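Same chain, two forms, each on its own as structure tokens: structure 1, then structure 2.
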Structure 1
Amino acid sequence: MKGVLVVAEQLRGSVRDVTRELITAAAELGGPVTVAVLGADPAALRAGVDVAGVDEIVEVRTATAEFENDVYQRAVEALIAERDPAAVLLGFTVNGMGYGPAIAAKLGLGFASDVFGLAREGGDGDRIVCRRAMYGGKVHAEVELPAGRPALIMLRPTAWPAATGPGGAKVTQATVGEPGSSRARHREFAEAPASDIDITTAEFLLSIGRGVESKDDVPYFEALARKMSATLAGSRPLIDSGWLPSARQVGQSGKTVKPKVYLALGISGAVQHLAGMKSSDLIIAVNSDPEASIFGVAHYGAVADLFDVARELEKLF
């Protein structure tokens, strides 16, 4: 059975969590799992990918430390030509989108993005079936990728648990020439303004939905979130109404989050929203509608008025 090539994603010298999630998915597909690590000093990133389930780590030295789409594209194309894997797994991230679709189009590979389910089918496991959302998350579909040639698959962050456990993969090196001309070059990192909160890094999210019926009530929940040492987030209707900035949106068209605690107040649970938060470690939902879809993914739920619950929470903090 042909193996699976995982392309590691790194930022400022650290391997991003999505890489270890890709490793978990690759192990589920079966076959040897190879992780490609690109960087000015790829050996320094090795420990971040040498986890259980990885058979080989291939280090690709590049001229610059940070991500550059043309460098990654050239390197991955070379690795595909050399190794002929059954599948190449990338994160469905800003970086992944910068070069993954271009590789699939150029090489004529099977392709699927925003995938949250994978399986190998057929007598020899030569067909890969991907599960993904379509039509704005209104339906889920299974996409069968062509057999007989590699498939490039971009996986939704947080859809798989991150691989853990001691590794022991063999380490090899690959040389890939620099591209003849560059479309882009990394210059520097610019810190986001303090007002632009990154909800993807929050450990505790207090998220509000259309159950908050007035914009005038939003400051109350901002204050409650601060009192509870939580980060305020929201569902799409509140962002579309201008009640919260887009950086606070949880969901398929917003941010995918995986906090330790996700407290949802007045959120019904549209499929687009659930796609962005259902992997949270602990989900607590409060909604006055006992049939609200959010209760289908919640670990704990209360059919109650969100303001009554909020007032009781105030007393505890």
Structure 2
Amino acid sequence: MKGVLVVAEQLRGSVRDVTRELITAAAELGGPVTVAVLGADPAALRAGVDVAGVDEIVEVRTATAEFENDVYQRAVEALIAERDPAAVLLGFTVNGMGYGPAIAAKLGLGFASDVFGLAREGGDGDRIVCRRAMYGGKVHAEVELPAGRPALIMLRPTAWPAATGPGGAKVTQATVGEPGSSRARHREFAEAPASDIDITTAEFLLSIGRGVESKDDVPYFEALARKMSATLAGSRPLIDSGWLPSARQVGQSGKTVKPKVYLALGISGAVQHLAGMKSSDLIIAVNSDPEASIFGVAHYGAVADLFDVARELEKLF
């Protein structure tokens, strides 16, 4: 059986968690697992990827320390040409979004993104079937990738557990030809502004979403949160519109939270929101749409108007 190539993701000198999730998925898919690690000093990242399930680590030295689209694209294309893997696994992350689809388009590969389930089918396991979501997570789809050419698959972060346990992979080095010029160059990182609110340490979060239709209603929920001894948080659209400060954003591009209680009012449960709160101890969701995806992760749910419920809650705290 042909192998699986995993592309490690790293930021400022550490391997990101999603990499070890990709390794779990690769091992599950079967075939030898190779992990490509790119960086100015890839050997320094080795400990972060040398875990159970990895057969080989390919270290690719790059001129730049941080991620750049063109550099990753060139390296992964070279590895595909050299190794002809059955599948290449990337994270469905901001970095992955910058180069994965370009490789698939250029080389005519099978392609699927935001994938949370994988299987091999056919006599020799040559056909890969992916599971992904559509229509705001209200529908799932089985997507077949064509047999006979490699598939480039971008996996949803947190969909697989991270691989752990001692490794022992063979380590090789690869050079990927002349370092061509990179057309989109990393200059510097800009941190999110500091804030005195820390939603990650709160025990009880009252989190509001676009169901709160007007900016004028936000002070009401601030007061309700105070009354309930909760900390107010929110989904991205409220931060984008300037209704709440960015420190209060829950989700992939905001904060990851794990409070004792997460009470979500008028939040649909988009995958990027769920990524930031789905491991909360207890999730309660109120949404007027019985099909809302948030009910898929909630422990308790109510199909109701959030304002009606809020007005009743107010009396009980």
Ligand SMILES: Cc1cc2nc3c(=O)[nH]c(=O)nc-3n(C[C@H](O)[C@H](O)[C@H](O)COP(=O)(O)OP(=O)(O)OC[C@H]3O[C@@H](n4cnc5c(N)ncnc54)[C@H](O)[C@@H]3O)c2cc1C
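Rigid core: the largest C-alpha set superposing within 1.5 Å between the two forms. The structure displayed is predicted, hence computed values, not measured ones. FYI, numbering is relative to structure 1, first residue = 1.
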Only one structure is the form predicted together with this ligand, namely structure 2
I267: after superposing the rigid core, is there a C-alpha shift of 2 Å or more between structure 1 and structure 2? yes
Do you see a C-alpha shift of 2 Å or more at P146 between structure 1 and structure 2, with the core held fixed? no
Once the two forms are fit on the core, has G209 moved its CA by at least 2 Å between structure 1 and structure 2? yes
Taking the rigid core as fixed, quantify in angstrom how much the C-alpha of R248 shifts between structure 1 and structure 2. 5.1
